[in-house]
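Coming up is one lone chain in structure tokens, specifically the form predicted alone.
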């Protein structure tokens, strides 16, 4: 495990109502009021984006997008968020091939190089803990865009915003979480986010080898999140407010054969499954990419929000986060 200084641990612990200059590395930093503040600004940003309102809020600022792992939505939405607000981006995808990392430059040196050019670094990395490591090195804000199988805090912020927009609250909700519970940083962060609010229950359904580790279940229960593990689709409660589907993460497996063996046991959201178990008022979410998770026949169901409000909310919440972190 990475050893982080006590100073950095303290800095990452809480937003405390003030995002300015802060690293956004983990949901552990957030309290309920911090999330409410972000949502307030995100609603303002939604008006800007939906109405194509010109904005110079980030004019003169440059955001480095440093993505060591492939990304469509997170990379694209951070790029769009910056430019919607009048800022500029320095786009670096696959740094191991196109920067001096290829020549053997250390991760720390790479972070300090891009720190010299920009006002914020948005970092995605295939290894858990690298966002914290970058935050320790950089003197400008670092935003975690996903680190290995650890966390994806900005995805959770957009997911919570999606739930709040639909239900008007984030407490006393029941959710079904399906897929790669072992490796999905999205699910790890989402459960931490839900644990901030009272009375939430999540039902977990995954292949046996991809179950949530027992120690994480104990930790989340200690935070007040009710967790129920399901054995099969037949155990799905019919009163869930939301379903959250995730893919089996091929990139976390040692071989294609290992991946295929587990993928064959994965669950797919189909029209038949929704008809049997889903309430008429629920919503179906997926952080995407959709790889063996949701039958395209479900797309026309009005409850399917993954290609509608959920993906769009990524733009609004990331616009809000950049503005708040830069104190604008």
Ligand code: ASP
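Numbering follows the first chain given and starts at 1. Just so we're clear, the structure is a prediction, and the values are computed from it rather than from any experiment.
The same protein also exists as the form predicted together with this ligand; that form is not shown, yet it is the one meant from here on.
At least one heavy atom of residue 186 is located within 4.5 Å of this ligand in the predicted bound form. Residue 45 falls outside the set of residues with a heavy atom inside 4.5 Å of this ligand in the predicted bound form. In the predicted bound form, this ligand sits within 4.5 Å of a heavy atom belonging to residue 247. For the chain shown alone, residue 288 is a contact residue for this ligand in the predicted bound form, at least one non-hydrogen atom being within 4.5 angstroms. Note that among 178-186, 218-226, 233-241, 202-210, the stretch whose heavy atoms approach this ligand to within 4.5 Å in the predicted bound form is 178-186. A heavy atom within 4.5 Å of this ligand in the predicted bound form is found for one listed residue only; from 164, 124, 192, 84, this is 124. Residues of 149-179 placing a heavy atom within 4.5 Å of this ligand in the predicted bound form: 152 alone.
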